[in-house]
Each structure stands twice: as C-alpha cells, then as structure tokens.
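Next up: the same protein chain in two forms, each one alone, written as structure tokens (structure 1, then structure 2).
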Structure 1
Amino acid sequence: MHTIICVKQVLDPEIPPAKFKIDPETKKVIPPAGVPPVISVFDERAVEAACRLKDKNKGKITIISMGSAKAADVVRHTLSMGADDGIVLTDDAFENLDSFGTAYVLSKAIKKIGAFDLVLCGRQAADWGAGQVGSILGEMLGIPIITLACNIEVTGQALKIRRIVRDGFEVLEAPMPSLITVSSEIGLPRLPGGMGLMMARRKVIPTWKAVDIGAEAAMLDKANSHTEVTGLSVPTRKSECEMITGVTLVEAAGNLAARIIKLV
C-alpha cells in the first residue's frame, strides 16, 4: 500500500504574540528571525493516520511538502515518525499561490510519483485555515474524496472511513485510490524515536521545481488565481469595564439587567 501525504510548513504557533508581524503592503507574514517553520498540526495528524495504516498493512509512505528549502526540515520530521521518502517542491513560481494553484502543483507532483493507493491531507492548514486544497486536489486527480476522517481502515481492496459530522460520525467505504482529509479527532501524533531521528537526518530529500513536474506557467500565473487576498492585518483587542451600581442590591440588579438588555 502506497500512501502519499501532503504536508505544509507553517509559522510556529508557539511564538510569542509580540514576534508575530505582517507586512500590510505585500499582505504577507514576516517570519521572525531564528524561529524555524514547523509542520502544520493538522498535517501531522495525517502522518499519524498513515503510520497507523502502515503498522497494520505494511506499505510505503511518501511525503510531499511545497514551500521554501526549509520544508526539508518538516519532511525530516515526518520521516522520523515513520514515513519512508520525502520530496520538497520549491520554486519562485510556487510562491503565494491560492488553494487552486497549490492543489495543481501537488497534483503534478503526485502524477510524477506514479502509482498510489491513498492520498492524505490535513483537514485544513494551520495558518490560513481555508480547508480547500485537499478537496481540490482530489478533484484534479479524479479520485473519490472524503473529508474530516477520524479513523481509516483497509478492508480488502477498499477503505473504511469514519468521518466527523455535526451530530456524531458516519462510516463510509471508498475504493483505492482515494483522497482523505484527516481531522484532529484521530488522536495525538506519535513522538519520533531516536532511531527514526537518526535515519531522518541521513535521508536525502530531493527538490523538485516547476520544470521537474511539468507544471504549466499559465497555471502558476498569479493573474489567473481564483482568489485574491485583499487585506491582512493583526486583530486588535480591547476590553472595557463598566461598574453597575445602585442604592440597594435590588436596584443594582435591576440596573444590571437593564444594561444587559440594552447590549443585546
């Protein structure tokens, strides 16, 4: 069984808020100096799901990460968890692509890899949180798509998936190959072992550019993007305190009730 996982490098969510800066002109986040990117927590759940399948059914896990050269560190993290191979997609043409452009690049890389049985993605990215790439990627690959999976099992030549819904869960069956987005309810990811860390450090991770995967320039042209970021800003928070008083407790309670009604 060959599983391909798409993972994303994101800004470390543990950085102090004071270090989070944006450039409102370019509409980009400014990476803080000395803080390396980390794997998106949702994609890490997808790696855990693949490792559980590998534990039971053997097979191979290939990781794809699109981003800067530093994405190799994110790929090495997944290798230390139990993945077998990793590929970094990095090219100036890949920068600032929308969900459709990102899915296109990933689809071209997957087609170059060749035969596979399953593609896994996180339910959404930990930075933008759009939750679109997985579904668009499945459509571009022409395979069934199931979202928000909390458990995946192999039954013969098919997949049995439990997915989260508003009032509980539902169990679905899908053929292979399929694309599944993994939800956080699948559980915490495993911690890398010492041997895994050593093997990951020695692993050679190839880098593919647009020409290597046969990506068409028109599909990477920002002028052809389906979506556009019109503004990016850090939210401002403020709090106010108003003292409600009264001559008696009854009067104070009445004043408080009246103030709440006015706010509503």
Structure 2
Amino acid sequence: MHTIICVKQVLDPEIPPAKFKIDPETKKVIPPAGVPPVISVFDERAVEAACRLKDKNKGKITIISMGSAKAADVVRHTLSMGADDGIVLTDDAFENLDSFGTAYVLSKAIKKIGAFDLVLCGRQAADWGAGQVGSILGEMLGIPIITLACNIEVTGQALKIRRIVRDGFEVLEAPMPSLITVSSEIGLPRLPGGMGLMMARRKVIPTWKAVDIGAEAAMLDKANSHTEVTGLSVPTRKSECEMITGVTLVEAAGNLAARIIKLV
C-alpha cells in the first residue's frame, strides 16, 4: 500500500494573539522573530493516520510539501515519525499560489511519483485555512474524496472510514485509490523515537521545481489565479474585562456567582 501525504509548513498557530502582526500593504503576516515555522497541525495528524495504517498493513509513505526550501524541516519531521520518502516542491513560480494553483502543483507531483493507493491531506491548513486544497486535488486526480476522517482502516481491497459530522459519525466505504482529508479527532501524533530521528537525518530529500513535474507556466501565472486576496486586517476587539475580586477567593467566587445569576 502506497500512501502519499500533502503537508504544509506554516507559521506556528500557537503564537499568542498579541504577537500576531500583519503588513496590510503586502497582505502578509510578519512572522515574529525566533518562532520557527511548524508542520500544519492537521497534516501531522494525517501522517499519524498513515503511520497507523503502515503499522498494521505495511506499505510505503511518501510526503510532499510545497513551499520554501525550509519546508524540508517539516518533511524531515514526518520521516522521523515513520514516513519513507519526502519531496519538497519549491520554485519561485509556486509562491503565493491560491488553492487551485496549489492543488495543481500537488497533482503534478503526485502524477510524477506514480502509482498510489491513498492520498491524505489535512482538513485545512493552519494558516489560511481555506479547507479546499484536498477536495480540488481529488477532483483533479479524478479519484473519490472523503473529507473529515477521524479513523481509517483497510479491509481487503477497500477503505473503511469514519467521518465526523455535527452530531456523530458516518461510516463509509471507499475504493482505492481515494483522497481523504484528516481531522484532529484521529488522535494525537506520535513522538519520533531515536531510531526514527536517526533514519530521518540520513535521508536525502529531493526538491522538485516546476520543470521537474511538468507544471505549465499558464497554470502558475498569477494573472490566471481563481481567487485573489484583496485585503488583510486584524479585527479590533474592545472588550473591557471587569475583574471580580474578594477578600478571599471563595468570596470572589461568590461575587462572580451573583453577577452570573443576573445574566441567565
């Protein structure tokens, strides 16, 4: 079984809101100094899901990440978790692509990789969180799509998937190959072990450019992009928080109770 996973490197989403700054001119976030970028949370869960499948059914995991050369860091992280191969897709022409452009580049890379049984994506990227690259990619590859998986199993030739819905789950059966987007409910990602870290350090991570995957210039041309960001702002919040106090904490709790009861 060959699983290909699309992982994105993002600004650490856990930076405190006070440190979150943007440049409205360029419509970009200014990364705070000294905070290294991380693997997008849901993509890490997708890697975990694939590692669990590999633990049970053997097979191979290939990671692709489109971004700067630094994206090799997140690819290496997934190799230490148990992925077998990783490729970084980097080219000036790949910068600032919209969801369609991103899905196009990923689809070209996947076609170059060759045969596969499963493609995994995160449910949404932790930065722009468009939540659509996976589905567009699935349509481009012409394979069945299942979104928001919280469990994936292989039963014979088919995939059995638990999918999150508002009030519970759906259990679905899909053929291989399919594309599945993974949600955090799949469970916490494993921590890389010593062996994994050692293996990952030794691996060579090739970089592919537009020419290597046969990506057409017109498809990467910003003039043809499907969507365009016209503005970026940080909403102002003007809450005045009234701090409840008391001589003792128990008294403070009582004072808070008196306030809450008036509101309900």
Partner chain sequence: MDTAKGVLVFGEIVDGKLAPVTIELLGAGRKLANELGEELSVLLLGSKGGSLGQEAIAFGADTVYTDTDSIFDVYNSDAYTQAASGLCKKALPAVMLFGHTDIGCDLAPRLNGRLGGGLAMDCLALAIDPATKFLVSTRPVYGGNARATMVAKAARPQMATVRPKTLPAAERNDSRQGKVVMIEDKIDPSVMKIKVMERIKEEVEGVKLEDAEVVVSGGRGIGSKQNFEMVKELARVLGGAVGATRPVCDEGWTPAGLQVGQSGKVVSPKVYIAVGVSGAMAHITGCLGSKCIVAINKDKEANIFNVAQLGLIADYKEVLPALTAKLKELKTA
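Throughout, residue numbering runs from 1 along the sequence of structure 1. Remember, predicted model here, so these are calculated numbers, not experimental data. Rigid core here is just the name for the largest C-alpha set that superposes within 1.5 Å across the two forms.
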- Note on the structure: Here the form predicted alone is displayed as structure 1
- Query: Any CA movement of 2 Å or more for Pro206 between structures 1 and 2, core superposed?
  - Reply: no
- Message: Would Pro31 count as moving between structures 1 and 2, using a Cα shift of 2 angstroms or more after superposing the core as the test?
- Response: yes
- Query: Once the rigid core is matched, what's the CA displacement of Glu251 between structures 1 and 2 in angstrom?
  - Reply: 22.8
- How many Å does the Cα of Pro16 travel between structures 1 and 2 when the structures are matched on their rigid core? 4.7
